[in-house]
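Subsequent text provides C-alpha coordinates for two forms of one protein chain, presented individually as structure 1 and structure 2.
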Structure 1
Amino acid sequence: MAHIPDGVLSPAVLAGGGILAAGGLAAALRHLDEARIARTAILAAVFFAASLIVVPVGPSSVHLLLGALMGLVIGTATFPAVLIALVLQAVLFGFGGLTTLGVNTFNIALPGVLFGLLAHGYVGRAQAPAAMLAAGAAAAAAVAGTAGLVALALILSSADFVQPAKVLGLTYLPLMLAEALITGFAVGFLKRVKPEIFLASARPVAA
(Lines of atoms letter the chains of each structure in order from A and count residues from 1; the text may use other names and numbers.)
(Lines give C-alpha, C1' and ligand atoms only; values in the text may rest on other atoms or scores of the structure.)
Protein backbone atom coordinates (compact mmCIF):
# COMPACT_ATOMS: atom_id res chain seq x y z
CA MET A 1 0.00 0.00 0.00
CA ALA A 2 1.47 3.35 -1.01
CA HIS A 3 -0.09 5.22 1.93
CA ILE A 4 2.40 4.30 4.67
CA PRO A 5 0.80 5.14 8.05
CA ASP A 6 2.35 6.94 11.00
CA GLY A 7 4.58 5.01 13.38
CA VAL A 8 6.09 2.67 10.79
CA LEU A 9 9.10 4.48 9.34
CA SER A 10 12.27 5.54 11.15
CA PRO A 11 12.96 9.24 11.81
CA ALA A 12 15.84 9.21 9.32
CA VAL A 13 13.62 7.88 6.52
CA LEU A 14 10.87 10.35 7.40
CA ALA A 15 13.36 13.23 7.27
CA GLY A 16 14.91 12.04 4.01
CA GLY A 17 11.52 11.59 2.37
CA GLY A 18 10.45 15.03 3.52
CA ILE A 19 13.55 16.66 2.05
CA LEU A 20 13.18 14.85 -1.28
CA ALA A 21 9.48 15.71 -1.51
CA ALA A 22 10.27 19.36 -0.70
CA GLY A 23 12.76 19.38 -3.58
CA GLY A 24 10.11 18.05 -5.96
CA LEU A 25 7.61 20.64 -4.75
CA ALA A 26 10.12 23.45 -5.16
CA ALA A 27 10.83 22.38 -8.75
CA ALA A 28 7.13 22.19 -9.50
CA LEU A 29 6.15 25.52 -7.96
CA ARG A 30 8.82 27.40 -9.93
CA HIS A 31 7.01 26.50 -13.16
CA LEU A 32 3.38 26.23 -12.04
CA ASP A 33 1.80 28.75 -14.41
CA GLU A 34 -1.87 29.66 -14.60
CA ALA A 35 -2.66 27.17 -17.37
CA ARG A 36 -1.16 24.27 -15.43
CA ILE A 37 -2.91 25.18 -12.16
CA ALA A 38 -6.33 24.15 -13.50
CA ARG A 39 -5.03 20.80 -14.79
CA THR A 40 -3.20 20.20 -11.52
CA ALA A 41 -6.36 20.84 -9.50
CA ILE A 42 -8.41 18.50 -11.67
CA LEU A 43 -5.88 15.68 -11.49
CA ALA A 44 -5.43 16.18 -7.73
CA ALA A 45 -9.19 15.71 -7.34
CA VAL A 46 -9.16 12.61 -9.56
CA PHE A 47 -6.25 11.11 -7.61
CA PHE A 48 -7.94 11.97 -4.31
CA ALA A 49 -11.13 10.15 -5.27
CA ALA A 50 -9.54 7.20 -7.08
CA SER A 51 -7.02 6.35 -4.37
CA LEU A 52 -9.74 6.18 -1.71
CA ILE A 53 -10.99 2.99 -3.37
CA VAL A 54 -8.87 0.33 -1.71
CA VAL A 55 -8.87 -3.25 -2.97
CA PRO A 56 -7.55 -6.05 -0.72
CA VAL A 57 -4.80 -8.10 -2.37
CA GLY A 58 -3.38 -10.95 -0.30
CA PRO A 59 -2.11 -9.67 3.07
CA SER A 60 -2.14 -6.04 1.92
CA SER A 61 -4.25 -3.76 -0.26
CA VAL A 62 -3.77 -1.53 -3.29
CA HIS A 63 -5.40 1.51 -4.81
CA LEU A 64 -5.03 3.46 -8.04
CA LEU A 65 -2.07 5.85 -8.18
CA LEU A 66 -2.45 7.49 -11.62
CA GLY A 67 1.12 8.76 -11.33
CA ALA A 68 2.05 8.32 -14.99
CA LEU A 69 -1.16 9.97 -16.17
CA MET A 70 -0.38 12.98 -13.99
CA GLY A 71 3.23 12.97 -15.16
CA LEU A 72 2.12 12.95 -18.80
CA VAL A 73 -0.26 15.86 -18.38
CA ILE A 74 1.25 18.11 -15.68
CA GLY A 75 4.87 16.95 -15.24
CA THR A 76 6.47 18.01 -11.96
CA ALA A 77 3.16 19.54 -10.83
CA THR A 78 2.36 15.95 -9.92
CA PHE A 79 4.16 16.66 -6.62
CA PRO A 80 1.72 19.32 -5.33
CA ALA A 81 -1.25 17.41 -6.78
CA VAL A 82 -0.32 14.29 -4.83
CA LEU A 83 0.56 16.21 -1.66
CA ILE A 84 -2.75 18.10 -1.56
CA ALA A 85 -4.72 14.90 -2.05
CA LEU A 86 -2.74 13.04 0.62
CA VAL A 87 -3.20 15.85 3.15
CA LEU A 88 -6.96 15.86 2.61
CA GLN A 89 -7.17 12.07 2.83
CA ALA A 90 -5.17 12.00 6.06
CA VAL A 91 -7.16 14.82 7.70
CA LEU A 92 -10.64 13.90 6.50
CA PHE A 93 -10.48 10.11 6.49
CA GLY A 94 -7.40 9.12 8.51
CA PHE A 95 -6.01 7.52 5.35
CA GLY A 96 -2.21 7.29 5.48
CA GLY A 97 -0.34 9.47 7.94
CA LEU A 98 0.72 13.04 8.60
CA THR A 99 4.33 12.34 9.53
CA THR A 100 4.71 10.21 6.40
CA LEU A 101 3.35 12.82 3.98
CA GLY A 102 6.80 13.56 2.58
CA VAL A 103 7.71 9.93 2.00
CA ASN A 104 4.31 9.03 0.55
CA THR A 105 4.29 12.06 -1.74
CA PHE A 106 7.78 11.27 -3.04
CA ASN A 107 7.03 7.54 -3.50
CA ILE A 108 3.93 8.22 -5.59
CA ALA A 109 4.92 11.37 -7.46
CA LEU A 110 8.52 10.73 -8.51
CA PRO A 111 7.93 7.56 -10.61
CA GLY A 112 4.90 9.20 -12.22
CA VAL A 113 6.90 12.30 -13.15
CA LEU A 114 9.87 10.35 -14.50
CA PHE A 115 7.98 7.83 -16.61
CA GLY A 116 5.30 10.33 -17.65
CA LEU A 117 7.91 12.73 -18.97
CA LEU A 118 9.81 9.93 -20.69
CA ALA A 119 6.67 8.87 -22.57
CA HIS A 120 5.32 12.37 -23.24
CA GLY A 121 7.12 13.04 -26.51
CA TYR A 122 6.18 9.72 -28.09
CA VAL A 123 2.58 9.93 -26.86
CA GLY A 124 2.32 13.36 -28.46
CA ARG A 125 3.62 12.17 -31.84
CA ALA A 126 1.99 8.75 -32.07
CA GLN A 127 -1.45 7.84 -33.25
CA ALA A 128 -3.98 6.88 -30.59
CA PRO A 129 -3.38 3.08 -30.48
CA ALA A 130 0.41 3.40 -30.15
CA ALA A 131 0.04 6.31 -27.71
CA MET A 132 -2.26 4.20 -25.55
CA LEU A 133 0.28 1.38 -25.43
CA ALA A 134 3.12 3.75 -24.53
CA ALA A 135 1.06 5.40 -21.82
CA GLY A 136 0.05 2.02 -20.44
CA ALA A 137 3.68 0.91 -20.30
CA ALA A 138 4.63 4.14 -18.52
CA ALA A 139 1.83 3.60 -16.02
CA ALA A 140 2.93 0.04 -15.25
CA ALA A 141 6.52 1.21 -14.82
CA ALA A 142 5.45 4.02 -12.51
CA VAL A 143 3.54 1.59 -10.29
CA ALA A 144 6.59 -0.67 -10.16
CA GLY A 145 8.70 2.35 -9.23
CA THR A 146 6.33 3.26 -6.40
CA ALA A 147 6.37 -0.33 -5.16
CA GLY A 148 10.17 -0.27 -5.13
CA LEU A 149 10.30 3.03 -3.24
CA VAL A 150 7.75 1.86 -0.66
CA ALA A 151 9.73 -1.33 -0.11
CA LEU A 152 12.97 0.66 0.17
CA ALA A 153 11.46 3.02 2.77
CA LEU A 154 10.35 0.05 4.86
CA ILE A 155 13.65 -1.82 4.58
CA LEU A 156 15.69 1.28 5.42
CA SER A 157 13.53 1.78 8.51
CA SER A 158 14.00 -1.72 9.93
CA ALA A 159 15.48 -5.05 8.89
CA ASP A 160 12.28 -6.62 10.22
CA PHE A 161 10.45 -5.23 7.17
CA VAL A 162 12.55 -7.08 4.56
CA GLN A 163 10.21 -10.04 4.14
CA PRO A 164 6.97 -8.00 4.39
CA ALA A 165 8.39 -5.60 1.79
CA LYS A 166 8.93 -8.48 -0.64
CA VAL A 167 5.36 -9.68 -0.16
CA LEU A 168 4.08 -6.11 -0.49
CA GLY A 169 5.87 -5.76 -3.80
CA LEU A 170 3.99 -8.74 -5.23
CA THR A 171 0.64 -7.15 -4.40
CA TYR A 172 1.45 -4.36 -6.87
CA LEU A 173 1.50 -6.72 -9.86
CA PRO A 174 -2.29 -6.63 -10.49
CA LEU A 175 -2.24 -2.87 -9.92
CA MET A 176 0.36 -2.51 -12.70
CA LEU A 177 -2.08 -4.12 -15.13
CA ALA A 178 -5.05 -2.07 -13.91
CA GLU A 179 -3.11 1.20 -14.12
CA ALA A 180 -1.84 0.33 -17.60
CA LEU A 181 -5.38 -0.24 -18.87
CA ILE A 182 -6.91 2.82 -17.21
CA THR A 183 -4.09 5.16 -18.22
CA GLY A 184 -4.07 3.79 -21.77
CA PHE A 185 -7.79 4.39 -22.22
CA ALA A 186 -7.57 7.84 -20.60
CA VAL A 187 -4.80 8.86 -23.00
CA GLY A 188 -6.74 7.46 -25.95
CA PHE A 189 -9.71 9.61 -24.94
CA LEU A 190 -7.56 12.71 -24.50
CA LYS A 191 -5.90 12.14 -27.89
CA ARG A 192 -9.36 12.33 -29.46
CA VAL A 193 -10.83 15.29 -27.57
CA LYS A 194 -7.79 17.38 -26.55
CA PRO A 195 -4.66 16.18 -28.37
CA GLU A 196 -2.85 19.48 -27.80
CA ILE A 197 -2.18 18.37 -24.19
CA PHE A 198 0.52 16.07 -25.53
CA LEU A 199 2.04 18.38 -28.15
CA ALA A 200 5.70 19.35 -27.73
CA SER A 201 4.73 22.97 -27.11
CA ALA A 202 2.60 21.84 -24.17
CA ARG A 203 5.27 19.57 -22.71
CA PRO A 204 5.08 19.56 -18.91
CA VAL A 205 8.11 21.18 -17.27
CA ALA A 206 10.55 18.64 -15.91
CA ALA A 207 12.49 20.92 -13.58
Structure 2
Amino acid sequence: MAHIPDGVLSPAVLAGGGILAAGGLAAALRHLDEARIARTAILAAVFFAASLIVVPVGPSSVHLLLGALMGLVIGTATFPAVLIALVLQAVLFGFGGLTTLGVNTFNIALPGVLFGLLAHGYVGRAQAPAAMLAAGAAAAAAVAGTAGLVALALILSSADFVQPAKVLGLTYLPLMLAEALITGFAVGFLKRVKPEIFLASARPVAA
Protein backbone atom coordinates (compact mmCIF):
# COMPACT_ATOMS: atom_id res chain seq x y z
CA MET A 1 0.00 0.00 0.00
CA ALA A 2 3.01 2.26 -0.21
CA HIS A 3 2.31 2.91 -3.90
CA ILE A 4 0.02 5.93 -4.01
CA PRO A 5 -1.55 6.13 -7.50
CA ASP A 6 -1.91 9.23 -9.68
CA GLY A 7 -4.91 11.42 -8.96
CA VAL A 8 -5.18 11.20 -5.18
CA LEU A 9 -2.70 13.69 -3.75
CA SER A 10 -2.85 17.47 -4.05
CA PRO A 11 -0.45 19.28 -6.42
CA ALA A 12 1.37 20.87 -3.46
CA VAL A 13 2.06 17.49 -1.85
CA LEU A 14 3.18 16.04 -5.20
CA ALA A 15 5.56 18.96 -5.74
CA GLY A 16 6.87 18.76 -2.18
CA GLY A 17 7.47 15.02 -2.46
CA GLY A 18 9.16 15.54 -5.82
CA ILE A 19 11.52 18.15 -4.40
CA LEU A 20 12.40 16.03 -1.36
CA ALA A 21 13.01 12.92 -3.47
CA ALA A 22 15.11 14.96 -5.91
CA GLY A 23 17.22 16.15 -2.97
CA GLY A 24 17.81 12.59 -1.80
CA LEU A 25 18.55 11.48 -5.36
CA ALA A 26 21.00 14.32 -5.97
CA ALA A 27 22.88 13.47 -2.77
CA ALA A 28 22.98 9.78 -3.74
CA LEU A 29 23.98 10.39 -7.37
CA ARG A 30 26.94 12.52 -6.27
CA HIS A 31 28.34 9.44 -4.51
CA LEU A 32 27.29 7.09 -7.29
CA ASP A 33 30.57 7.07 -9.20
CA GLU A 34 31.31 4.63 -11.99
CA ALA A 35 32.51 1.93 -9.59
CA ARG A 36 29.12 1.78 -7.91
CA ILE A 37 26.73 1.89 -10.83
CA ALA A 38 26.77 -1.87 -11.47
CA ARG A 39 26.39 -2.61 -7.76
CA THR A 40 23.54 -0.16 -7.27
CA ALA A 41 21.75 -1.35 -10.40
CA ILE A 42 22.04 -5.02 -9.48
CA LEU A 43 20.87 -4.44 -5.90
CA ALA A 44 18.00 -2.32 -7.21
CA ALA A 45 17.15 -5.31 -9.42
CA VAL A 46 17.20 -7.63 -6.40
CA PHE A 47 14.89 -5.44 -4.37
CA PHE A 48 12.60 -5.02 -7.38
CA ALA A 49 12.48 -8.80 -7.76
CA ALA A 50 12.08 -9.40 -4.00
CA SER A 51 8.93 -7.27 -3.94
CA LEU A 52 7.30 -10.14 -5.84
CA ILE A 53 7.61 -12.47 -2.84
CA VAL A 54 4.23 -12.77 -1.14
CA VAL A 55 4.43 -13.54 2.56
CA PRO A 56 1.30 -14.80 4.36
CA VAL A 57 0.61 -13.01 7.64
CA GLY A 58 -2.45 -14.40 9.38
CA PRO A 59 -5.47 -14.02 7.08
CA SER A 60 -3.73 -11.40 4.89
CA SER A 61 -0.56 -11.42 2.84
CA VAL A 62 2.08 -8.79 2.21
CA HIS A 63 4.60 -7.86 -0.45
CA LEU A 64 8.00 -7.01 0.96
CA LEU A 65 9.44 -3.48 0.73
CA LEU A 66 12.79 -4.28 2.43
CA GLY A 67 13.63 -0.57 2.76
CA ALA A 68 15.76 -0.99 5.89
CA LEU A 69 17.67 -3.94 4.41
CA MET A 70 18.39 -1.75 1.37
CA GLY A 71 19.56 1.08 3.65
CA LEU A 72 21.80 -1.36 5.50
CA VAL A 73 23.42 -2.76 2.35
CA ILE A 74 23.53 0.16 -0.12
CA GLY A 75 23.05 3.26 2.08
CA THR A 76 21.87 6.39 0.27
CA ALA A 77 21.94 4.57 -3.06
CA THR A 78 18.55 3.32 -1.82
CA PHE A 79 17.07 6.52 -3.29
CA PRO A 80 17.90 5.76 -6.95
CA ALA A 81 17.24 2.03 -6.35
CA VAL A 82 13.71 2.72 -5.03
CA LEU A 83 12.97 5.25 -7.78
CA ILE A 84 14.02 2.79 -10.49
CA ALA A 85 12.02 -0.05 -8.96
CA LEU A 86 8.96 2.23 -8.74
CA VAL A 87 9.32 3.33 -12.39
CA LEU A 88 9.44 -0.32 -13.46
CA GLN A 89 6.47 -1.24 -11.26
CA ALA A 90 4.42 1.72 -12.54
CA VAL A 91 5.16 1.01 -16.19
CA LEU A 92 5.19 -2.79 -16.26
CA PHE A 93 2.53 -3.59 -13.64
CA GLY A 94 0.60 -0.36 -13.12
CA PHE A 95 1.43 -0.06 -9.38
CA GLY A 96 1.74 3.55 -8.23
CA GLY A 97 1.84 6.40 -10.72
CA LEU A 98 3.91 8.92 -12.64
CA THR A 99 3.15 12.10 -10.72
CA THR A 100 3.54 10.25 -7.42
CA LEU A 101 7.02 8.89 -8.21
CA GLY A 102 8.64 11.58 -6.07
CA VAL A 103 6.35 11.16 -3.06
CA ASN A 104 6.47 7.35 -3.21
CA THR A 105 10.26 7.28 -3.59
CA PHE A 106 10.65 9.58 -0.61
CA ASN A 107 8.14 7.66 1.53
CA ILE A 108 9.90 4.32 0.99
CA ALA A 109 13.54 5.38 0.66
CA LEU A 110 13.93 7.94 3.45
CA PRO A 111 12.92 5.70 6.39
CA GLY A 112 14.97 2.86 4.90
CA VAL A 113 18.10 4.99 4.54
CA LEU A 114 17.60 6.63 7.92
CA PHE A 115 17.07 3.48 9.99
CA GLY A 116 19.38 1.39 7.84
CA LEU A 117 22.29 3.76 8.35
CA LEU A 118 21.44 4.19 12.04
CA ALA A 119 21.65 0.43 12.56
CA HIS A 120 24.59 -0.06 10.18
CA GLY A 121 27.45 0.42 12.61
CA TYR A 122 25.91 -1.71 15.35
CA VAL A 123 24.90 -4.51 12.96
CA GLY A 124 28.49 -4.58 11.69
CA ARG A 125 30.04 -4.83 15.18
CA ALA A 126 27.54 -6.94 17.13
CA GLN A 127 27.27 -10.72 17.31
CA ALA A 128 24.57 -12.37 15.21
CA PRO A 129 21.65 -12.45 17.70
CA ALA A 130 21.99 -8.78 18.71
CA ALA A 131 22.61 -7.72 15.11
CA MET A 132 19.45 -9.58 14.04
CA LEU A 133 17.42 -7.80 16.71
CA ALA A 134 18.81 -4.41 15.72
CA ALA A 135 18.11 -5.05 12.03
CA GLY A 136 14.60 -6.26 12.83
CA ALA A 137 13.94 -3.15 14.89
CA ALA A 138 15.28 -0.95 12.08
CA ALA A 139 13.00 -2.73 9.60
CA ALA A 140 9.93 -2.28 11.84
CA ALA A 141 10.80 1.39 12.33
CA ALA A 142 11.30 1.89 8.59
CA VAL A 143 7.88 0.38 7.77
CA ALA A 144 6.29 2.52 10.48
CA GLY A 145 8.07 5.52 8.99
CA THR A 146 6.76 4.71 5.52
CA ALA A 147 3.23 4.23 6.90
CA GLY A 148 3.47 7.58 8.69
CA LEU A 149 4.72 9.37 5.57
CA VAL A 150 1.98 7.83 3.38
CA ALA A 151 -0.64 8.93 5.93
CA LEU A 152 0.96 12.38 6.12
CA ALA A 153 0.91 12.73 2.31
CA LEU A 154 -2.82 11.90 2.33
CA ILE A 155 -3.66 14.15 5.27
CA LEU A 156 -1.71 17.10 3.85
CA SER A 157 -3.52 16.62 0.55
CA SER A 158 -7.02 16.91 1.96
CA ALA A 159 -8.65 17.10 5.35
CA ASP A 160 -11.16 14.50 4.08
CA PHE A 161 -8.42 11.87 4.09
CA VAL A 162 -7.76 12.00 7.85
CA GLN A 163 -9.99 9.06 8.75
CA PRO A 164 -9.05 6.85 5.77
CA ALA A 165 -5.36 7.58 6.45
CA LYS A 166 -5.73 6.26 10.00
CA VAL A 167 -7.32 3.04 8.75
CA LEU A 168 -4.65 2.72 6.06
CA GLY A 169 -2.01 3.05 8.76
CA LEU A 170 -3.38 -0.05 10.51
CA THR A 171 -2.95 -2.12 7.36
CA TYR A 172 0.80 -1.69 7.73
CA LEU A 173 0.94 -3.73 10.93
CA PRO A 174 1.22 -7.14 9.18
CA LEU A 175 3.93 -5.73 6.89
CA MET A 176 5.81 -4.36 9.90
CA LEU A 177 5.81 -7.78 11.53
CA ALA A 178 6.86 -9.65 8.38
CA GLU A 179 9.58 -7.15 7.46
CA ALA A 180 11.05 -7.08 10.96
CA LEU A 181 11.32 -10.88 11.13
CA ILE A 182 12.51 -11.42 7.57
CA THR A 183 15.07 -8.60 7.74
CA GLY A 184 16.29 -9.97 11.07
CA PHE A 185 16.72 -13.48 9.68
CA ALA A 186 18.28 -12.17 6.46
CA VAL A 187 20.85 -10.25 8.51
CA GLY A 188 21.49 -13.38 10.59
CA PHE A 189 22.15 -15.29 7.37
CA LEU A 190 24.43 -12.57 6.00
CA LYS A 191 26.37 -12.37 9.31
CA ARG A 192 27.13 -16.08 8.96
CA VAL A 193 27.81 -16.17 5.22
CA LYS A 194 29.17 -12.77 4.23
CA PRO A 195 29.75 -10.63 7.34
CA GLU A 196 31.96 -8.16 5.46
CA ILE A 197 28.80 -6.73 3.86
CA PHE A 198 28.19 -4.72 7.02
CA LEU A 199 31.73 -3.52 7.68
CA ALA A 200 32.26 0.21 7.41
CA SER A 201 34.71 -0.21 4.54
CA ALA A 202 32.09 -2.07 2.56
CA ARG A 203 29.55 0.67 3.03
CA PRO A 204 28.98 1.58 -0.60
CA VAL A 205 27.62 5.06 -0.15
CA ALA A 206 28.40 6.99 2.99
CA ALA A 207 25.66 9.26 4.26
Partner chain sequence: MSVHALAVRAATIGGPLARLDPRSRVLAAVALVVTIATLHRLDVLLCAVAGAGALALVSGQPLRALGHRLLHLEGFMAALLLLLPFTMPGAPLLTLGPIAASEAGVLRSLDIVLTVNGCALVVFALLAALDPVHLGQACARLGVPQRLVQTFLLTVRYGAVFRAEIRRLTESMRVRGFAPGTNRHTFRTYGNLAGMVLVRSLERAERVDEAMRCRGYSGRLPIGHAGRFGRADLLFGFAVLAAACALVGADRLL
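Every value quoted in this text rests on a predicted model; they were computed, and no experiment measured them. Rigid core (definition): largest C-alpha set, two forms, superposition within 1.5 Å. Numbering runs along the sequence of structure 1, starting at 1.
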Same chain, two copies; the copy that is the form predicted alone is structure 1
Is residue 38 among the residues whose Cα moves by 2 Å or more between structure 1 and structure 2 after superposition of the rigid core?
yes
